[in-house]
Ligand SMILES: Nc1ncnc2c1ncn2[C@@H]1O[C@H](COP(=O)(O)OP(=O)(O)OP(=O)(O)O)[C@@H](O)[C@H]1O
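The form predicted alone is given below as one chain in structure tokens.
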Amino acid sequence: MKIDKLELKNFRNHDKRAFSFGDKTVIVGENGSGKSNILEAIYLLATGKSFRADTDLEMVNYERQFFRVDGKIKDNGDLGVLLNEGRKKFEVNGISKRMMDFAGRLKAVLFGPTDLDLITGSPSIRRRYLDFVIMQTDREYRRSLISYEKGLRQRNKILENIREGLAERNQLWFWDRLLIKEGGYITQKREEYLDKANKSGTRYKAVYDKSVISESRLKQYEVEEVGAAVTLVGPHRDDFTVEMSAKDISKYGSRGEQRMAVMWLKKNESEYLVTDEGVPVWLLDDIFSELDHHHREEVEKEVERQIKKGGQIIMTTADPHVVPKGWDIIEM
């Protein structure tokens, strides 16, 4: 599963550009030259979403009205994304598709500077990460998550009304059943994913801090929930930590160790997304800038392992001195 060619029109700072990629490609250029924008465009073709834009319009070149991104995927046809008048359109071989039928034809794993938040950031970042990875291969998980989030909003509204004397507790019954059913599935799949990661045989371990939702736990917190007007148990309160030698990396790890813990998470994400069509493309956005020589060598070894599996690596850097030998180079 590889991308051979990429064409951009009015995307970020690229008016009209075309790029070709080999198995190992490095994009070299100064900060602000548009290196990360190329990775963003590939990620858009893979997932239907940007990894950094809050709104789709942010991806449109300044003073333009639309953008278009096209990619030629080896053995899997042509993919296209068009944004025009605020509406995003997805195409496979020129035929319009829904996003859910578009995403996943190219699979990509991104490792960028902000991914350090997976270790040091808030629990909500780690929950979103788990959801994003699992949803790519499990449509039932996607459906269950949407249903759970809708039910959670309804239940919280009823709790608020109970607190204000505008509703009775029996109005929670339906939503309790729904959250227990859907929440159970979400917890099960998150636990399975992290358990599989922990069997990879490395020095890292993910510790799942799950918030199980059940009738007894809802009963246990019923007074507190009305006072807070929010549901206090369930997978929306989940978290996980990454440990090395039984120590929480976020608290006791160096910056380099934290980045390598992210690499471990990304490696497991990649293995989870492997299909009969191949392994995901790795998109590495300026990851060497904060790594010492030892950790750089670790990353380079993992990159070579991915290549041997038939993978493709596309990375960016502002420092031409860190470019490994034998890589195709795109200069910005």
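When you see a residue number, it is the position in the sequence shown, counting from 1. For clarity, every value in this text was computed on a predicted model and none was experimentally measured.
What comes next is about the form predicted together with the named molecule, which does not appear here.
- Interface membership of Gly34, defined by any non-hydrogen atom within 4.5 Å of the named molecule in the predicted bound form, is confirmed.
- Remark: Arg52 counts among the residues lining the named molecule in the predicted bound form, judged by a heavy atom distance of 4.5 Å or less.
- The shortest heavy atom separation between Glu58 and the named molecule in the predicted bound form is within 4.5 Å.
- A residue is said to contact a partner when one of its heavy atoms sits within 4.5 Å of a partner heavy atom; Lys24 fails this definition for the named molecule in the predicted bound form, lying far away.
- The partner is not drawn, yet in the predicted bound form one stretch among 275-283, 35-43, 292-300, 262-270 has residues with heavy atoms inside 4.5 Å of the named molecule: 35-43.
- Contacts with the named molecule in the predicted bound form, taken as any heavy atom within 4.5 Å, map within 62-98 to Tyr62 alone.
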